[in-house]
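Heads up, the chain shows up twice below as structure tokens, two forms, tagged structure 1 and structure 2.
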Structure 1
């Protein structure tokens, strides 16, 4: 019997319709709700992007004011959550903490999940607002510092840096952080987003769906690539050593982290924006080491692959780790920051999934044995 065709990892399979995100991989373009990422990051705050994702249109001034006030009012943590963070094992990864806190926060909310007309997930903004506070508080407790109450007069990105550092960041750094959250807020049917939709299709709560998405993001093939880029940069150590390192990596068929993308066949548009931030911040801090090594990797590895007829370009993770390092963010927070940004996109997909919902139930291709003779326990 001929083996039927199937798509391993669901590659190329269209699982649902969506109006949230469009990626033009050939041209290197990214759109949220029809708006280009370049326009959004240039002109919007992260809170404005969350509004866009949840309500599917850009807010008016009064709508944004009301939404921002509501979202900022949810930033502070309940005492019980602070206790959870304080008791979290020091050797564990904070993504496990975020996943646990997300599930725990669900108990504070009265859920309406039967159908989208009664869903109140746009109103229960703990899942969006408090993740930044949890991540910053984890880092403070880990370093033996006290919890810092969030401020409601700062953008989401600037407030995260304030809670992390204990002092207000300068306006440029606060804007860079807010814009980085915008760049990571949404990206189509990636593994964590699809996970959130699968769980949502069972009519579980949005908190449970997002908690599951965080578990998916925690996987080494999804989140954390920018952390591995920094390890690569530190292993190389100097711009002059890049060519030898790349050639050695290619000879061993070793992956060059941050180069290439499953969807983009051109330079990731988010990488272009983050590269500019990294260049500007490197200049302001007079610290060019990471930027110069990364640009040399991009040049050397790009040329090697182009010579093989397989052009490969930087993705969003290539420059972001070095940028976060210049912002004073510890490496252990890189993947949690991804979750802090993406939670708005996950919630948007959960809401969309519930419209005309159908529970996910794909088939599998059975390749095991059949009709094996059963052997009683005493004869095995």
Structure 2
């Protein structure tokens, strides 16, 4: 019998209708709820984007004030969560911690979804607000520092840097951080978002849906890539060594981290914005090493792939790690920062999934054996 076709990695499969995110992969364009990412990052705060994702329209001034005030009021951690962070094994990755905290936070909430497809995740904003505090507190405890109370007069991004460093960042750095959260807040049916929708489709809680999505984001082919990009940059060490390194990686069929994307067939628009911030900060801090190595990788690898007829461009992770390093953020927090931002997008998708929900249940193509003669235990 002829083997039926199937889409490995679900490439090209349309799994649902959605109004949240549109990606034009050919042109390298990205829209949240119809607004271009360039406009949003230029004119909005991260809190405004979370509002847009949860309520599907941009807030008025007073709506944004009320929403920001509410979100900021949730930033501080309950004592039990601080204890959890303290007790977490030192060798564990903070993504495992975030996943556990998200599942734990569920116990604070009266869930509505057991009997219907409704969800109260617009009301339980601590899911979004506290992730930044958990990530910053993890890093502080790891370095032997104390918990820092979040401030409610700073943007989400600036407050994250404040909690991490123990001192207020300069306004430009606070703005860059907040904008990076905007750029990572949503991206259609990627692996982690699809995970969140699959779990939500069973009418499980939004907390378990997000916790599962975090597990998916943790992987090095998804959110873990920017951490690996910096390891690559450090291993190369100097712009002059890039060509040899890239050729060696290609000959061993190694993936070059931060390059390539399932959907974009042009430079990722988020990578373009982050590259500008990286240029800015490299200039201000007079530290160009990482940027120069990255640009050389982009050039050499880009040319090699073009010659093979498979052009590949930088994705969002390519420049973000180097930018975070210049902001003084430890490498281990790179993927958690992605999660801190993406919680907004995951919640938007969970809400959308619950409307007109149908449980996800694809099929697999069975390629195993059939009708084997059963051998009793004593004869094996």
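Since this is a predicted model, take the numbers as computed values, not measurements. Between two forms, the rigid core is defined as the largest C-alpha subset superposing within 1.5 Å. Positions refer to the first chain, counted from 1.
Student: Name the structure that is the form predicted in complex with acetyl coenzyme *A; the other one isn't.
Tutor: That would be structure 2, which is the form predicted in complex with acetyl coenzyme *A.
Student: Taking the rigid core as the superposition reference, indicate whether the CA of residue 144 shifts 2 angstroms or more between the two structures.
Tutor: Shift of 2 Å or more: no.
Student: Taking the rigid core as reference, does the Cα of residue 86 move 2 Å or more between the two structures?
Tutor: No.
Student: Please say whether, between the two structures, the C-alpha of residue 265 moves by 2 Å or more once the core is aligned.
Tutor: No; that C-alpha moves by less than 2 Å between the two structures.
Student: With both forms put on the same core, how far apart in Å are the CA positions of residue 309 between the two structures?
Tutor: Taking the core as reference, the C-alpha of residue 309 is shifted 2.6 Å.
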